[in-house]
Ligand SMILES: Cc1cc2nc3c(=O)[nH]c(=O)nc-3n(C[C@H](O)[C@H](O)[C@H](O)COP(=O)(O)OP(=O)(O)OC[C@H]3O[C@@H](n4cnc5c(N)ncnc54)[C@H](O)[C@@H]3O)c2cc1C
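Shown next as structure tokens: one chain only, the form predicted alone.
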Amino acid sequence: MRIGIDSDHAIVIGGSLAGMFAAHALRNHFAQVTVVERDDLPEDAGHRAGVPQSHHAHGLLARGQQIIEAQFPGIMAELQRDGALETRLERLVIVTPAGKMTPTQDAESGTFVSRYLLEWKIRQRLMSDTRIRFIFRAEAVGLHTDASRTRVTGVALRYRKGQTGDTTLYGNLVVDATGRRSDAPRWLSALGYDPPPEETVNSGVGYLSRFYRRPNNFPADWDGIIINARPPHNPRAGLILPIEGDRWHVTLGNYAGHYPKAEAATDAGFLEFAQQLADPSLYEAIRVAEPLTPVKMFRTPTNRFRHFEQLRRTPEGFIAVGDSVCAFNPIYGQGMTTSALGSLVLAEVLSDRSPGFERRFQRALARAVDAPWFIATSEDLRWPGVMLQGASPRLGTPLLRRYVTLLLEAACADPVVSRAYMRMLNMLDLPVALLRPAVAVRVFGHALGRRLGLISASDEWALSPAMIAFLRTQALHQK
């Protein structure tokens, strides 16, 4: 199809969330937007082959929810009508390496939903827009350019079995949203350009997940729980997120190359893995819950930041978004929100499509993802054997890590510090907000109190000892 040589056409390669967010931003600046997706997408909400990570729990941070609701008005209410749970974020219990974070009474509300239902709802909205069309079961295998190779003019397509169509799709702008396995560096090299410099962290994360039926009348005073690993000795982390269908999405993971073994994918192995978390609450909760699915395993050995913004020469008519640019350790739940944030950057830059807007976009996107990348990598680098490659450690990082350790200790007792941390975690505030005097004074005051023996370390569990005793009694009755 020869769209785009004489018309205003944008092509998005990849129909997952990052691609759909990009398509939404593009539709107000191009006459036609085409999304090319290699999967044959399901008509209803459900897993698909191209997104194996949908079997694992996804958190949509508060900032991401704000962006998505603004872009797709009413979508959160639709999700809730389909069973997604709206709850105050104070009912999401976080067990940090220092202990249970104290809840705040004025936390924002959030909607907990499976990744595949969210993706399906957004896709339905976009497919109803006449400016956007989808081509399924097709993948881009290369870029087309003009004779001088200074402008990208389209993509070469290869259709999957059972699908036919044009093998070349032309457009004024091509957006790579193909994710971690993006071929953009190879495509640029084939055209005579340098590939983008890469910053990588070998976090070596392996995780396993399954869905559970939430027990009837479960008496916990929380809706979800996150139990962090405790470097350097306990690399295991886990979480329960409530999703539609009165279900729990449970994911357990290991850091620093301590990948779960195959036996962890069994009923007994999954429970044994959970039992070794730093806090017993998750294990006690799922021990009395009904598993609904087999255990799925996945690995994310390396996280990568491709610095397209540092390239001296790039062809016009081509940009990269989402995980094609920056792919995080999924443990921190930043991916969906960062992709949504990238669509705001794209919409802003597209308001001025003068020559060179592609480079302006990549620079603006790099600035937007720098903070979440720094948060994730700084935590990953606490683990022995995890290394940063392609960049030098940032000045002051060890000092900042020490400060975060003190902050987490304070957050276990001080709701003001806890709220500041939760706002940063949900990308409502930048990490620098944790250094504000109102927060720093409390952090150092708490540290001084502990040093003088006036404050003891927190040993509170996510579930009270009485609640854990109750659940253990329930488990014995089940036997």
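Residue numbers here begin at 1 and follow the sequence given. All values derive from a computational prediction rather than experimental measurement.
Omitted here: the form predicted together with the named molecule. The next part is about that form.
(message) Checking a candidate spot here: are 57, 115 and 177 all in contact with the named molecule in the model of the complex (at least one heavy atom each within 4.5 Å)?
(response) Verified in the model of the complex; spot residues all in contact, yes.
(message) Is residue 334 near the named molecule? Define near as a heavy atom within 4.5 Å, in the model of the complex.
(response) Contact with the named molecule, yes.
(message) When the contact criterion is heavy atoms within 4.5 Å, does residue 29 count as touching the named molecule in the model of the complex?
(response) The answer is no: residue 29 has no heavy atom within 4.5 Å of the named molecule.
(message) Can you tell me if residue 207 lies within 4.5 angstroms of the named molecule in the model of the complex, counting non-hydrogen atoms only?
(response) Output for residue 207 is yes: heavy atoms within 4.5 Å of the named molecule.
(request) May I ask you to check whether residue 17 falls inside a 4.5 Å heavy atom distance of the named molecule in the model of the complex? (result) Flag for residue 17 set to yes.
(request) Select from the listed residues 289, 341, 140, 98 the one whose heavy atoms reach within 4.5 Å of the named molecule in the model of the complex. (result) Going through each option in turn, the one that passes is 140.
(request) Counting non-hydrogen atoms within 4.5 angstroms of the named molecule in the model of the complex, say which of 298, 357, 159, 218 makes the cut. (result) The option sitting close enough to the partner is 298.
(message) Tell me which stretch of 30-38, 417-425, 444-452, 431-439 has a heavy atom within 4.5 angstroms of the named molecule in the model of the complex.
(response) Correct option: 30-38.
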